[in-house]
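Below you'll find only one chain, the form predicted on its own, shown as structure tokens.
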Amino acid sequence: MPGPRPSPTSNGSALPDFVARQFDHTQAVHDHRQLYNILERGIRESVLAPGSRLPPSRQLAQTLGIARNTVVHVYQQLTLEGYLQAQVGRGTFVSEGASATSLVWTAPSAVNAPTSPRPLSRRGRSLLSEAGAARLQWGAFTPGVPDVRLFPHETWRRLNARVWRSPVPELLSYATEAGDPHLRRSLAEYLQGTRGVVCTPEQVVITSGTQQSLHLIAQLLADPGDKVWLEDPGYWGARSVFRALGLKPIGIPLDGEGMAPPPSQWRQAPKLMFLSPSHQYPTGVVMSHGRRRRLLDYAATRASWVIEDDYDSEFRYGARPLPALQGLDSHGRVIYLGTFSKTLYPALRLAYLVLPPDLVDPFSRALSELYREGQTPQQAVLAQFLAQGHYTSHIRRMRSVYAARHDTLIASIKRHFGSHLPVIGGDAGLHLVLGLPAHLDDVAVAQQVASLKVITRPLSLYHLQQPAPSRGLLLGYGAVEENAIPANFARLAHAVEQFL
């Protein structure tokens, strides 16, 4: 409780005693914070009346036995916040406007919490009603998660230390370009050599993840109400972005050659097409050369943009990765998306776009305008990681690790189910789909599996069309060690057998 109100004399002689009575040298609170709290509370509660003169900083410091600089800093802080006024040649006074009525403030703990959730916008409710992001992102059999334990931490630490040894100001400020020029150059060389992407370093734009890339594309190339073709089943994250920005997602079914628009859809051209042609997510279907050509020609004649998500293309078992669709594009209609989340680690939050040349400048400017990009030190480290060959070596090593885990999971499936349940999309990537009979509720199966401490995702949630025409469980093997796969799958199989 504050002490008795001091007399607001012209020289403020009562104020040092008022502060001294409350100042406690035995408290663990720093002198600066304790003095600030005493004066701020006294002013706010009108114990220190408006117009009261505070003692000189030297006098108050001597009275309290603390450093004069501490008093000076507290006076300055309270002046900046409007509690005090400093008058040259006269001293420091409590502001006339710093009364209890003008500076009333209620601590957050005293605010009554609402008894029911606050209403969201229609857009917010729609987004959350179909949200697909999982709360758990690690463990058997979490889909789409790499084994971050095998990341070459020591190499990265050494390169990181080199960058931070003498960082230039540009590395610590807002990014103003399309990304670190050395990283863009290394990426262009890598994509040309491994994915058949036709590009220059200037066409590469670095972003903070695939979701941000999709946000940029949707905002710069489409308007609310425009149609966007999505593979069905397909990546839920793209669907969420497009819906949140007011676009109209159209689910296009798949066949053995990839996205297969029915005749009625060919007559209604979309503004955007979102594809994962080299390893369709989540089914693993590979788009045929003929289907690629047809979609590219169609996009050119109908002024549609093709967004190519080159999902998990680095991890293909038993065959070389297929070239990117972008390399076949002679009309400049393909925007190529890539990310380091699966090849390195998700928390890195670095991805990239390869754009047609005429889109590079508007995308770079929009990136700075909307997101004020950073991560520049990490980009510099990653540039060295690529340029020195560590990235290629890491992918080669992980491809072998994931191939062994893939084979072990396939063997476990065959051991428990033989040929009764199909394996879908098991030739590449970090997951496969265990197909289930169409009459089963795969959501209920996944919930039962989760109760056994095994993580999976129901295939039906990836479908835009509902009720979903196919059922299954996505099983990720990237984050589970090879010797732990059989026991974990045995628990999963036990749960699945209860529904068959």
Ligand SMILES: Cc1ncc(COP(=O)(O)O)c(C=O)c1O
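In this text, all values refer to a predicted model and were calculated from it rather than measured experimentally. Just count from 1 along the sequence shown to find any residue number.
Just so it is clear, the following notes concern the form predicted in complex with the named molecule, a form of the same protein that is not shown.
Counting only non-hydrogen atoms, choose the one of 166 to 174, 120 to 128, 221 to 229, 203 to 211 that falls within 4.5 Å of the named molecule in the model of the complex. Result of the contact check: 203 to 211.
Any non-hydrogen atom of residue 375 within 4.5 angstroms of the named molecule in the model of the complex: No, no contact at 4.5 Å.
Decide whether residue 309 counts as a contact residue for the named molecule in the model of the complex under a heavy atom distance cut-off of 4.5 Å. Although the named molecule is absent here, residue 309 would touch it in the model of the complex, with heavy atoms inside 4.5 Å.
is_contact(residue 296, the named molecule) in the model of the complex, heavy atom dist at most 4.5 Å: So residue 296 does not count as contacting the named molecule.
Could you tell me if residue 285 has a non-hydrogen atom within 4.5 Å of the named molecule in the model of the complex? Residue 285: no, not in contact with the named molecule in the model of the complex.
Sort through 305, 235, 391, 83 and report the residue having a heavy atom within 4.5 Å of the named molecule in the model of the complex. Among 305, 235, 391, 83, a heavy atom within 4.5 Å of the named molecule in the model of the complex occurs only for 235.
Using heavy atoms only and a 4.5 Å cut-off, determine which of 73, 157, 349, 289 is in contact with the named molecule in the model of the complex. By the 4.5 Å criterion, the partner-contacting residue is 349.
Three residues, 41, 46 and 93; all within 4.5 Å of the named molecule in the model of the complex via heavy atoms? Checking in the model of the complex: none of 41, 46 and 93 is within 4.5 Å of the named molecule.
Quick one: which residues from 277 to 304 get a non-hydrogen atom within 4.5 Å of the named molecule in the model of the complex? Contacts from 277 to 304: just 281.
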